[in-house]
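Okay, here we've got a single chain as structure tokens, the form predicted alone, with questions on binding and movement later.
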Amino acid sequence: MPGRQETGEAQATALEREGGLELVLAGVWQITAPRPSWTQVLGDRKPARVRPQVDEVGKWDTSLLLFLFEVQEWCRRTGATWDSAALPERIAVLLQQFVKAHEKSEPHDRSDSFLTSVGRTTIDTWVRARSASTFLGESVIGLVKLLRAPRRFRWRDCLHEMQLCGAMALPIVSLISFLVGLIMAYQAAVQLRQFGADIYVADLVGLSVVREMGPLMAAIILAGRTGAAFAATLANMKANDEVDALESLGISPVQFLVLPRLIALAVMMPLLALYSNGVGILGGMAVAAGVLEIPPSAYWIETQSIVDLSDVNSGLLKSVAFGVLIGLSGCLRGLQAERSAAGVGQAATSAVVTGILLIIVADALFAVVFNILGW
């Protein structure tokens, strides 16, 4: 019989009536047994109205509701009229609850629109910029107060931080600087040997290390070592309410915690840069002596002839700026951290990323300014 399907004991028959389709359901509808498929019962017909009849249905459970829900959803999609007047009140109520539960379970697009995302990003950027400018202003005010009353400064803490970020960083700075000088000399030797200009390896390594790589390598090492340590220390103090305790006592956290670290980095960075320069030149000298068979004395004389005081001063000026930027980024991220253990780790990570980013940007600005000034 066209439009009729029998699957087990559950039956569904579609009878064409004037103005629509009458859906007659019969048999036992159980969720554990197969039930008819609406698409097969419907076939290729497209009725304008569907009216279900369940008078011949015996026992039933959720299986009947699922079938009726499938038919109702088809009517909603195609625009056909769903006539549930013949359904018993109990089945109609349960079907309505079933439809509402399905609507609540449907996923909704909760993503922000483009304008909302732009607005929130702009507000977040403005808040971060205002916080950074406030912190920078407090640091400058604290430095002015230090110059007016140096006796009130915590020199013992500053000397302790100098030891941590200076003397304690010598091993890693030595290793990285030596390897950088060695790599640069080896790469230059491969190219210069083709033209018989082996001695100019000293020129290339000397200028590159003194003007760029020495201060830059020392700054990147301290950004990952000291900047992260500053952020983690201050974030842990904030999580333990120590920063709030200082403020409640009328003590500025910037003067008490930040300035000793900033001054320690600003003082030690030029010394570490000079040390990095010497170790980097020593690495180039080792390659020149071992690969190019250039005597160390000849290498040193050639380095002295190409590197002058202006090159050294430019590297020292960069190192001071790099030290201040590392200190500011580390202390700022530490004071902005959340009051939790996760916030301490996030502050340390953010301090490293911010510090390295500021170092690269500052180095690019120095390159442009030095080019304009003819340095």
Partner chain sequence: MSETGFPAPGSVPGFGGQANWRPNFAEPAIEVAGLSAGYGGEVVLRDVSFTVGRSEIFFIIGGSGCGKSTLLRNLVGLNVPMSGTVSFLGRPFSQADAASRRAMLKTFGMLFQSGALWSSLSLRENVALPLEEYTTLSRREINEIATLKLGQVGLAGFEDYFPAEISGGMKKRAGLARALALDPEIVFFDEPSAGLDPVTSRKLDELILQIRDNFGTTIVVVSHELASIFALADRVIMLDRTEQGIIATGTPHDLARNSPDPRVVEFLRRSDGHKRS
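Source: prediction; values computed, not measured. Residue numbers count along the first chain shown, from 1.
Below: the form predicted in complex with its partner chain, not depicted.
In the model of the complex, none of the heavy atoms of Gln187 sits within 4.5 Å of a heavy atom of its partner chain. Although the partner is absent here, Ser248 lies within 4.5 Å of its partner chain in the model of the complex, judged by heavy atoms. In the model of the complex, its partner chain lies within 4.5 Å of some heavy atom of Arg152. When contacts are judged by a 4.5 Å heavy atom cut-off, Tyr200 does not count as touching its partner chain in the model of the complex.
The stretch in contact with its partner chain in the model of the complex, judged by heavy atoms within 4.5 Å, is 235-243, chosen from 126-134, 165-173, 235-243, 268-276.
For the candidate set Phe98, Phe256, Trp300, Trp82, a heavy atom within 4.5 Å of its partner chain in the model of the complex is found for exactly one residue, namely Phe256. In terms of contact with its partner chain in the model of the complex, the residue from Arg156, Arg148, Arg90, Arg77 that brings a heavy atom within 4.5 Å is Arg156.
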